[in-house]
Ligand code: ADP
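Below you'll find only one chain, the form predicted alone, shown as C-alpha cells.
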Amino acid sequence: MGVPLLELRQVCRIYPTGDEPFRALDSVDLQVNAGEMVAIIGTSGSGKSTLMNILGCLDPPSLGEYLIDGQTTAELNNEELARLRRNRFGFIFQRYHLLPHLDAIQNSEIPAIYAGIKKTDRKARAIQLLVRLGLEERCQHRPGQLSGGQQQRVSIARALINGGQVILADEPTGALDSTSGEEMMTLLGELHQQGHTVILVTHDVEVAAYAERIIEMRDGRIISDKRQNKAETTASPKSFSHDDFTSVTGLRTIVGRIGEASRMAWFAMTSHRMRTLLTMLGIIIGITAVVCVVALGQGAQQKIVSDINSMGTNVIDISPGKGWGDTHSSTIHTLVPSDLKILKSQSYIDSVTPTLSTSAQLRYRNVTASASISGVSEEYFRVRGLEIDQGSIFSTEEVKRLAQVVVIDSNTSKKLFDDKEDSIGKVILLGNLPCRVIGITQEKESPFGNNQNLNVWIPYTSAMGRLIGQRYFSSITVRVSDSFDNATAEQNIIQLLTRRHGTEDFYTNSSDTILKTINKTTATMTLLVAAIAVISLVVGGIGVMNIMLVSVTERTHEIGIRMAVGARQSDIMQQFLIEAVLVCLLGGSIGILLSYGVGLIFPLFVSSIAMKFSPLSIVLAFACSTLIGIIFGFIPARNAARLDPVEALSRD
C-alpha cells in the first residue's frame, strides 16, 4: 500500500487553561488514504473539531507529527500552510462562513483569487460550479438573500474552486432542515465518487452512515475506527482540478492581489462611512494646514521678492567706512564726483547715482512740513525703480548747471498742495532755497510696510553747491547691467575704487544679498510653521491607527474565513495596509481641495498677500498621506495577519 494522503502520529493538542493545560487531543494516530470518505463522530468536547482543524492545517499539533503525502507539516512555514489550505483542502462549515457583502460568485472565487487564477477563468469556474449545484438563478445573490441550503451549496462551490482534493466538512447538515440535509449528503457522496477525499465531522449517526469509514472519538482519543460494508463504487476522475486553470504569475499576480485587497478595503470604508470620515478628519485638517501654510509662506515670499525686484535686485550701494556702524565713517570723504564719472564709464554698469542727504523744512504758502532732502543724479530714478506719475525728472543739463528744480513723492504732494491744485511748476522752499517742482513720483509701497516719509530729490550738484555745501557724497548707488553677474560686478567695483583711493575705505552692500537673506528667512519661517502643522498630521495618523485596530477586532471573523480558504498572512496584512493608505490618501485629497477652497476665500479678507500653491507641495502632501497610512497602518495590519485562524473563525 502506498503512502497515506494524511497521517497523524501521536498527535496531541494542548491548550493553556488556568492552572492545568487542557488536552483537546491525546496521542491520536490516524491515516486517511486518497479517495476515502471518512466520518468523525463524537459528543461535544470529544476533540473531533480540533482534529479537523489540524487535518486542514488551520491549527498546528502541540506534540506529535502530521504528514501530508509523507511530508511533515512541521517543516512548512505560514505561506506554505496557506498554499496547502488554498490548493489541497476545501472547507465546508456548519455556519457556512460566507462573507455577507459578496454575492455567490464572489464568495465562491475567493480561494482562486489567492491562488493567482486569472479573473476570467475563476469567474467562469465559479459560475460553472454554482450552476452544477443548482444555483443558476442565485449567482448574483448575497448570503442574506439565500436559504441555508443554498448558502451551504455556495460553500461547497468555494471548497471546489481550486480542485478541493480533500473536502473537510464540519457538521455540514447541522444548520439545515432534513430535506436540505439529505441533499447535502448526496452532494458529498457524489464528490466522493468523483475521487475527492471527504472527511466530515458530525455528531449525527445517520449522517455518519453515508461514509465508508466511521471514526469515533471520546475525550480527545480515537476509541473506534470501523469500515462499513458499502457497495463498491468506481471513482471517476474529478470533474475539475486546480490544473484546469491558468495561473497568473509574476507582476500580474501581485497586481491581482493588490486589486482584490484594494476592493475589499474600499468596501470596508464605504460600509462604515461615518467612521471612515471621522478617521480621515485628522488627516484632512493636517493636510489642509500644511498646504495652506506652505502656500501662504510662498505667497509672502513672492510678495517680498517682487517688492525688492521692483527696486532692482542688481543694485549695489557704496558707503564710506568699514561696515555698518563704523564710527569713523563720518570722517571719510573719499567718495567724490570723479568716482562717479569713472563708475559711469564701466561697461557692466547700467546706471549710477550719488546721494547726499539732509533734512529741511518745506514751505508752500502757509503750509510747512519736515522732509528728507536727497541730492541725486538724473539716473537715480532708474537705479531705484521709481516711476514718474506727473511731470518729469531733471535732465543732465539741469544737473550740470545746478538747477533749482525738485522731484517730490506723492506724500509730499498731498501734504503741501490741495487735491485740486496742480503742483507741477509750483515753487516751494527747501529751507531758504526756492525750487520749482518738475515731477511727482508714483506712490510705491515699501517691502517693509507703507512709507509715510516726505521725500524730495534735487540735482546733487544743487545740493552740494546751494543747499548742503559739501564736496563729497554720502554714498553712491550702482545698478548693474542685467546681463552681468551681480557678485562679479561688486568685486570689480571694490577693486576699481580701492586702486583709486589707495585703500579700501568703503564697503558695499548688494540688494542681491538682502534678497537671499529674506528668501532664507521666509523659507525657515514657512518650514517652522509647517512643522507645527505636521503635528496635526501625526495626531490624525494615531487616529487612523486606533480606528484600524478597532476594525481588525470587528472583522476578525472575516479574517478567519479568508485564512481558512487560503489567504496568506501577507494577503491579510496587505489588505489592511491598503485600507489605511486609502483612508489617508482620501483624507489628503479632501484636505488639498479644502486648501484650494481656502485659497479662493483668502483674497476676500487679505489683499496684500496671495496664497501660492505649488505642484511640489501637493505631491509632498500626497506622499505624506501615504507615508502616514503605511506607518500608522502597519501595527493594525500586522495584528490582523497574526490572528490565529481557528480563534478568528470562532468569533462572530
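All figures in this text were calculated on a predicted structure; none of them were measured in a lab. In case it trips you up, residue 1 is the first one in the sequence shown, and so on.
Keep in mind the form predicted together with the named molecule is missing from the figure; the text below concerns it.
The candidate stretches are 28-36, 581-589, 48-56, 603-611, and the one lying within 4.5 Å of the named molecule in the predicted complex by heavy atoms is 48-56. Contact check for residue 641: no non-hydrogen atom falls within 4.5 Å of the named molecule in the predicted complex. Looking at residue 24, you'd find a heavy atom of it within 4.5 angstroms of the named molecule in the predicted complex.
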